[in-house]
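Just the one chain here, laid out as structure tokens, in the form predicted alone.
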Amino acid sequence: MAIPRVELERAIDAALAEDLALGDPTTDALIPPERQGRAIMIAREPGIASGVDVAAAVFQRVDPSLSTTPLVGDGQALEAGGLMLSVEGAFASILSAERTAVNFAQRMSGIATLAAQYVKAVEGTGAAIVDTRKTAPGLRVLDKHAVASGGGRNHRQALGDGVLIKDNHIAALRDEGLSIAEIVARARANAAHTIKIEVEVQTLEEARDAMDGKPDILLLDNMNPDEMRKVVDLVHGRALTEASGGITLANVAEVAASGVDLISIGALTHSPRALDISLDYSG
């Protein structure tokens, strides 16, 4: 997904305010403002690039006179020692922007790398890897862009992107005596006709009940692959099926083999390991 300029600037400004609110006394004390220099952003381990343009935008937000040259594109494979970005100009500005720029690239490339590993693990099965809304607060657009860089797909960007009836909605409405089918029907009656209806189920019986309400998508919560396969057979193409909960790189291929259409992975954005990236002076 493309990163809207307004969202990019908001994220960068918040990060720079966090790091530079009191200035950079180290650089001010050591580097004359007129000193020119060049630095290269380097991947220290293999992975998938994402956020290179975001890092470039950080440098130019700190000092518009800096010249930045992306050396890889988002989604491109990186080797250890791979060059990602060149930045030239006032070296004091480069130093002041360094940590924020690298932070964005490290997180986004880490997410892209993890997403690519999941995508590769289910290759050939027909299942798509999708993200969730379990993103870093304030960084959702960037996190989801990084997932796409790794070959994953984006689930809802925000609550308004669709109806997703989850366990707490169901628990509250069951107190009113509604079945899952009736809950789906209520959503269908009250939501805009353009919005898809997804409902979470935890058992085959709940799936059967839900299908009576004609949802667009069934979310199979914490089911094992055998249970998922039975639900897929029950649905028989009448709705999309999405597996979620307890899915790791070790078992995602088995989940995909059950025949589900989508596999949502919260870990892509709630607990990625940052890719090891540095910015090195080069003259």
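What you see is a predicted model, and the numbers here were worked out from it, not measured in a lab. So that there is no doubt, residue numbering starts at 1 and follows the sequence shown.
Below: the form predicted together with another copy of the chain, not depicted.
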For this chain shown on its own, do 99, 158 and 176 all sit within 4.5 Å of another copy of the chain in the predicted complex, going by heavy atoms?
-> yes
Exercise: residue 162 in contact with another copy of the chain in the predicted complex, heavy atom 4.5 Å | yes
Taking 4.5 angstroms as the cut-off for heavy atoms, does residue 253 touch another copy of the chain in the predicted complex?
-> no
Classify residue 136 as contacting or not contacting another copy of the chain in the predicted complex by the rule of any non-hydrogen atom within 4.5 angstroms, answering yes or no.
-> yes
Any chance residue 265 has a heavy atom within 4.5 Å of another copy of the chain in the predicted complex?
-> no
Pick from 187, 122, 72, 201: which has a non-hydrogen atom within 4.5 Å of another copy of the chain in the predicted complex?
-> 187
Name the residue from 95, 90, 78, 116 that puts a heavy atom within 4.5 Å of another copy of the chain in the predicted complex.
-> 95
